[in-house]
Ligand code: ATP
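Just one chain follows, in the form predicted on its own, and it is written as structure tokens.
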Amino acid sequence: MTSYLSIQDAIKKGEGTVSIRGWVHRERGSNKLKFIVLRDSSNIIQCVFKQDNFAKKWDEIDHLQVEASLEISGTIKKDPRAPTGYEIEVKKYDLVGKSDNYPITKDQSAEFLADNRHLWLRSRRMTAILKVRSTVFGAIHEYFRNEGFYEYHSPIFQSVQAEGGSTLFEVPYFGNKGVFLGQTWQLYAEPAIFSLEKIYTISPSFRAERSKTSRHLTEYWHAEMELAWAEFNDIIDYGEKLLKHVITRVLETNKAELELLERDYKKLEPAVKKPFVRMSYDEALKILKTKCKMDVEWGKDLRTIEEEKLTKLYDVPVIVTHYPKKVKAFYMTEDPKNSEVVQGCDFLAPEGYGEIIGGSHREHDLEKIKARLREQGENPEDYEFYLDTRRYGSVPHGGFGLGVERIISWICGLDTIKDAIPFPRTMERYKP
């Protein structure tokens, strides 16, 4: 049987006979020569068909179109005129799958590419992003496992809300009402820390936010952790170390992909080499007022525009802590020195990419949790399973959630988060 090399491995070999397979990326030619740029997941390479060698099959070769799949054998050699500096003189080929009038051409609209996402995934741009995405997922798993965390899974179908009822997707569940797609694993994760102590997950989360911005998806991948015996600063430290580890792995693995995306990866290096900037919500408001001429009323959550202005002052992520209690979730611990603020934090990415991690120390006072639930219009009786975690041997603990597509967007320098996931789901798009 023929032993096929990836295109990148064929380029590394550099000379001699090679066999590769892939899809037609570009094609051009004349009556005597046909130039096919073939692509696979590793790279592209120019392949030259000479009419003298394929007289009987020239009509088929002459009509090869973009995205036809081929198996090719031939001689590889250096050629500085070729797109990647090498070309293959084809001696033998097999047409595996025909392609006729591939619909994606140059200068297509974003809407057209979204409608044809199943085909646009083949583009070199999307291939590069998906490779970075794979590295990010692998690095998250690697980091938590190296830190002694157990991978743990919570249900997607949930009976309670954790991040605000207005963003819940209610689903029909065998005639039962009050069943929702999970916004977070958290309320079902906290019970497990009394068993495993250190847990993490990467799983889909769902938010029914009526937002059309470039930063929002209704379905996204959520990397979350929960830690027993933790103080607030422990949660912040884990978040910073995780981001540094992820960026380090991408810089080690995906510089070629970042270059293809025209992403200046040097802008990511400070996040690895320097400590992140840490400030309280109050300090953030002072900086916004003095350096950005933005007067934010105390008690208001930071909007996208304010996060953008703040992060553009620094070349590393900014960690904002101690937000007002009234703008944060019921499970966050009140600060011991000021009951009006909570021990919660948001990690804001540089260059205006906004929040990528949200975390907190968890409230362990049973009566305070009940009161906060009532304040938010919730019935504490619906949360009995969660309240039990405070009745039987509660301990200080906390955790955070990282929006994986958001860190991919920042790392790749994307204009929209929709390109950070294979098939984006938004309030306006649920297919293909």
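Residue indices: 1-based, along the sequence shown. In this text, all values refer to a predicted model and were calculated from it rather than measured experimentally.
Unshown form predicted together with this ligand; subsequent notes refer to it.
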- request: Heavy atoms, 4.5 Å, this ligand in the predicted bound form: which of 308-316, 273-281, 352-360, 151-159 makes the cut? Say which one.
  value: 352-360
message: Test of understanding: in the predicted bound form, would H216 fall inside 4.5 Å of this ligand by heavy atoms?
response: yes
task: Would you check, heavy atoms only and a 4.5 Å threshold, whether H222 touches this ligand in the predicted bound form?
output: yes
message: Residue-level contact is defined here as any heavy atom of the residue lying within 4.5 Å of this ligand in the predicted bound form; does C412 satisfy this criterion?
response: no
task: Examine R406 and determine whether its closest non-hydrogen atom to this ligand in the predicted bound form is within 4.5 angstroms.
output: yes
message: Between R207, R125, R249, K131, only one gets a heavy atom within 4.5 angstroms of this ligand in the predicted bound form; which residue is that?
response: R207
statement: Heavy atom within 4.5 Å of this ligand in the predicted bound form, from candidates E197, D335, E163, E240, belongs to E163
In the predicted bound form: members of 91-128 within 4.5 Å of this ligand, any heavy atom: none
